[in-house]
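Shown next as structure tokens: one chain only, the form predicted alone.
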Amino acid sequence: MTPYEALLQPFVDFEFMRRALVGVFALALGAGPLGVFLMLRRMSLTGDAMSHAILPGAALGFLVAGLNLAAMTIGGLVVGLMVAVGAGVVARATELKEDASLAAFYLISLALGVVIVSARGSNLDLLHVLFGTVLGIDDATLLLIAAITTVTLIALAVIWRPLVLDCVDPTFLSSVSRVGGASHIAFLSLVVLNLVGGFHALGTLLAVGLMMLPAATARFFARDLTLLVALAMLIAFGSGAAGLLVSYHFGTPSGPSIILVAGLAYGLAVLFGPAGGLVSRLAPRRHLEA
């Protein structure tokens, strides 16, 4: 098999592969920066919890209108935001910590969503909701993902400074400005919005993977924030393209293939990453080297 046949021909010959590639590219542009900020703010598991929190809303949309893009998107967005706000209210109104509150909401949401889908649909419908159908992306879904990515990039440009300050010194931000709370809410809303977009391609169980794994991988190659964001987007897109090729050539499910490729990149970064990887940490350093 020539390099052309292995790497380019699937995208040249098949429209569904090109659609999937464009969808992955759009998801990478929006999810990459959000994953970096989730990681820097030590909220990585929050993203995972929120990805499951959208399941009941998407399931309710499915219950009402079947596999309808608008119904499942609106349902997932509304319920996802409700869970985010509800978990925050419980954490502030009781002695329960926010991580425990999110875990409780996440488990209830996941179980409720699976029950709702199972009550109306088949096992195939359940697999579609949980794991997505990236190779089945249509024009409407592509436009939705592109719109979400556009909104995300514009919103991030507006709230970039308070987000960075909140990562570095949240106490200083709260002392000099009142935008910290608003930027946090806006940021969580963007996370939910992108998880809803990723849900249509990768399903609720895997949508967060393209957000967090590339960000964690990039951390082993860069410490500068701008470079971290750029690398996270590049790794997310590369993982998506490689995962689609693996799915095409070996007949594996497309969504899990993408996440497994991203996981392989993460594993290699853990071992060989120059910025804190195992090999670099074990290698002997010169005397007084920082």
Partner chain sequence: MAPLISFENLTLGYERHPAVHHLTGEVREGTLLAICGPNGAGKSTLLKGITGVLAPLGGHIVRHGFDVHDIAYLPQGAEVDRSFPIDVYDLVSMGLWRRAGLFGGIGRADRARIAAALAEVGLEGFERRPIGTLSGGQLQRVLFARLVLQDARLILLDEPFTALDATTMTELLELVRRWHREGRTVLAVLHDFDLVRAVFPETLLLARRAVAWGPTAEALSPEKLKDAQHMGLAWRDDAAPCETAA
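Numbering follows the first chain given and starts at 1. All of these numbers come straight from a predicted model, not from anything done at the bench.
Just so you know, the form predicted together with the partner chain exists too; it's not on screen, but the next bit is about it.
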task: Work out which of A111, C167, I185, A104 lies within 4.5 Å of the partner chain in the model of the complex, going by heavy atoms.
output: C167
- prompt: Exactly one of I137, A146, A84, L173 has a non-hydrogen atom within 4.5 Å of the partner chain in the model of the complex; which residue is it?
  reply: L173
query: Okay, which stretch from 72-80, 209-217, 177-185, 195-203 lines the partner chain in the model of the complex, with non-hydrogen atoms inside 4.5 Å?
result: 177-185
message: Given that the partner chain is not shown alongside this chain, does A119 nevertheless sit within 4.5 Å of it in the model of the complex, heavy atom to heavy atom?
response: no
task: Report yes if any heavy atom of L225 sits within 4.5 Å of a heavy atom of the partner chain in the model of the complex; otherwise report no.
output: yes
- prompt: Quick one: is V261 in contact with the partner chain in the model of the complex, heavy atoms, 4.5 Å cut-off?
  reply: no
- prompt: Wondering, does L60 line up within 4.5 Å of the partner chain in the model of the complex on heavy atoms?
  reply: no
- line: Looking in the model of the complex, the residues of 23-44 with a heavy atom no more than 4.5 Å from the partner chain, listed in order, are L40, R42
